[in-house]
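Given as structure tokens, the chain that follows is alone and in the form predicted on its own.
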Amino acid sequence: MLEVRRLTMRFGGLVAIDDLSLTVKANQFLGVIGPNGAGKTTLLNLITGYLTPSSGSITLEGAALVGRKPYHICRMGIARTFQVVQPLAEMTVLENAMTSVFYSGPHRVSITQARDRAFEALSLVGLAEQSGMLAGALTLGNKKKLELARALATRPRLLLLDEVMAGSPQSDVIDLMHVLRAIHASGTSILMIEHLVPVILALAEHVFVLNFGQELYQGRPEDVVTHPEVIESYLGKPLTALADA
């Protein structure tokens, strides 16, 4: 579905993404993990058109994404969340989600249609009762839920999640895991970046490990967490040193 081929992103002398290739299959739940500074968010910014790569290609079902505007990529069926949430603070929760509907496609949508689609997305993430609140008054955990709802309101075929659970209490994390399982079961492909490794292990079918902008390892979740280089990149110690500690 999504093909990233030999992607490189340079910021001056810094190489944030280094000759990276990655594939997301149709209806796959792919988890992406890696230390801080590994290039995870940069990867999402490249896929969604917020950055233009120094070299390499990105395609969605054969259609090139490089050079397209973020709103065009959204209309092609890719939606994303952002690590730092920035809701439209002086608009209601429902209006925030409705805005996503209005901008998600080339065809005109009525206010009633937008309201229905937005409320459906808010209900899915557990924010229906807060739909009339100002978005700026939400807790951080609920702002994260709104971020997800705004992405879902575009009805994506591929959903990119950038630490959507960071800062959320454990009860919200559990709720969001159920939501993501339901979204995936409905046929939506998901690429999820998350530092909560147990969440990735519980949800993802395949895990891709990124380190210094390069692929460190990829495979089944149970294989990734026992791989010595993955353990070392996260903890700073080789597996043998951990065993002796």
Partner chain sequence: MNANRESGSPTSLPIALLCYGAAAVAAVALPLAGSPLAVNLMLRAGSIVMLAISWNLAANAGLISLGHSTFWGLGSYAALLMGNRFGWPFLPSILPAMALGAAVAALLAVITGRLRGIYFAIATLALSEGLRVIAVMLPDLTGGGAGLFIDQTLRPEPRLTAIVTALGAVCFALLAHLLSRTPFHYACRAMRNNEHASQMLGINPLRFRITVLALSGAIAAFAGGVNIWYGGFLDPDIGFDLHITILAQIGPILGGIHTLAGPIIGGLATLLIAELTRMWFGEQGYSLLVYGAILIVSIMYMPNGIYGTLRRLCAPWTKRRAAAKTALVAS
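In this text, all values refer to a predicted model and were calculated from it rather than measured experimentally. Numbering follows the first chain given and starts at 1. Only the largest set of C-alpha atoms that superpose within 1.5 Å between the two forms is called the rigid core.
If you look for the form predicted in complex with its partner chain, you will not find it shown, but the lines that follow are about it.
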In the predicted complex, Ala118 touching its partner chain (heavy atom, 4.5 Å): no
Proximity of Arg80 to its partner chain in the predicted complex, heavy atoms at 4.5 Å: yes
Contact flag, Gly56 vs its partner chain in the predicted complex, heavy atom cut 4.5 Å: no
Arg150: touches its partner chain in the predicted complex, heavy atom cutoff 4.5 angstroms: yes
Joint contact, Pro70, Ala89 and Arg108 to its partner chain in the predicted complex, by non-hydrogen atom at 4.5 Å: yes
Residue among Ser123, Thr99, Gln113, Thr139 with a heavy atom within 4.5 Å of its partner chain in the predicted complex: Thr99
Contact segment among 172-180, 199-207, 27-35, 44-52, judged by heavy atoms lying within 4.5 Å of its partner chain in the predicted complex: 44-52
Gly167 C-alpha shift between the shown form and the other one of 2 Å or more, rigid core reference: no
Core-superposed C-alpha of Gly105 shifting 2 Å or more between the shown form and the other one: yes
